[in-house]
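Before any questions on binding or motion, here is one chain by itself as structure tokens, the form predicted on its own.
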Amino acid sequence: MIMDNNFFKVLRPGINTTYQDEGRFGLQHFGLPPGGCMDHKSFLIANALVGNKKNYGALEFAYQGPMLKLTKGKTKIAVTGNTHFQIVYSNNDTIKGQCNRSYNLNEGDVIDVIATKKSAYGYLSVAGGFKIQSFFSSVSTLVRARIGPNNGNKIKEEDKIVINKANDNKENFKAIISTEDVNTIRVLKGPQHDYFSEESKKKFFSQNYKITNLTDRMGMRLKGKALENIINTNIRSEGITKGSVQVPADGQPIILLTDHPTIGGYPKIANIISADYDLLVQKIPGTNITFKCIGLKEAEQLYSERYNNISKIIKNINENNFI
């Protein structure tokens, strides 16, 4: 029975709190996108800080995080992202939490993830991981399809979040991460780049676009000067990936994000490079962004550099940065 396990009780679910890992691959031909964590870097660091393997499920939240009471057991937790949170210990002592480091929790302690700061997503990991069932080798939740742990739903108030038994390592760890406060997003030319007038192509790479409130895990709608399509505002539906910048008939771009549809019928002027995707998804509505076009070779080099940077951060966590 669930009461025999170590678990948190959800006192407040937060906004859009779900279990996520690196994604569920190989099912796009069935109309199911890989999904998974929005900010891959923050997700990986969250797991590393508590000694988990990189693809253990974590709790992802947007803007406001959950308030969880460790009702039974003990564990180690970490919160990543630019996040404001506090820990209320069972003796009522309260501390302000620091992101990108781990903390030990005992029975009766409360972790209160209050809000993200000028960013969208954050992650909460626990040592040993959450006790949840995988589906096609992933514990990511795809809410629109009702697939994944918790019957494919977001975390709700009064839910019990069961955790696996952690090891007895009392040491805590921290990660040293540089801030990325850049609003220029690099892209590759999209497959229908030449559907747009020369003036519109120049406009796309020179003007500011405002991120609108119509933004979620599926996509990000932008507002700027409309782009002119000189060939056809619709195409035959074709396979599509996250980061694709579609332009519907109104000329206002839509960036497809992690829970994107698997096919699309709008022309794509560009595609966000993998190295800048985490940076993009953390931008909040109202932010102005610009686009810079680069070549494939440079995009591959930037991806390699970013991967090596994340690997170095995780290696330093494991070797040097205990508290």
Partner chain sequence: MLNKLNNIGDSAIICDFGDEVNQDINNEVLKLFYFIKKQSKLEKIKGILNCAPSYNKLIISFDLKKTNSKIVSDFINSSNFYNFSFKQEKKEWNIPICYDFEMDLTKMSRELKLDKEEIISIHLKSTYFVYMIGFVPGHPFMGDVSKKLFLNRLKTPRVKVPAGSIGIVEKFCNIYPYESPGGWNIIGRTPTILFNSKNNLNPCLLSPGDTIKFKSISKEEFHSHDHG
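Residue numbers count along the first chain shown, from 1. Because the structure is a prediction, the values reported are computed rather than measured.
This protein has a second form, the form predicted together with the partner chain, left out of what is shown; the following refers to that one.
Enquirer: In the model of the complex, which of the listed residues (274, 55, 64, 287) lies with a heavy atom within 4.5 Å of the partner chain?
Expert: Looking at the other structure, the residue within range turns out to be 274.
Enquirer: Would you kindly say which of 96, 144, 165, 225 lies with a heavy atom within 4.5 Å of the partner chain in the model of the complex?
Expert: Going through each option in turn, the one that passes is 144.
Enquirer: Using a 4.5 Å heavy atom cut-off, state whether residue 279 contacts the partner chain in the model of the complex.
Expert: The answer is no: residue 279 has no heavy atom within 4.5 Å of the partner chain.
Enquirer: Residue 238 versus the partner chain, in the model of the complex: is there a non-hydrogen atom within 4.5 Å?
Expert: Because a heavy atom of residue 238 falls inside 4.5 Å of the partner chain in the model of the complex, the answer is yes.
Enquirer: Contact with the partner chain in the model of the complex for residue 41, defined as at least one heavy atom pair within 4.5 Å: yes or no?
Expert: No, no contact at 4.5 Å.
Enquirer: So, residue 51 and the partner chain: in the model of the complex, are they within 4.5 Å at any heavy atom pair?
Expert: No - in the model of the complex, heavy atoms of residue 51 and the partner chain never come within 4.5 Å of each other.
Enquirer: Looking at 170-178, 156-164, 133-141, 116-124, which lies within 4.5 angstroms of the partner chain in the model of the complex, counting heavy atoms?
Expert: Selected range: 133-141.
Enquirer: Which residues in 245-264 have a heavy atom within 4.5 Å of the partner chain in the model of the complex?
Expert: Residues within 4.5 Å: 261, 262, 263.
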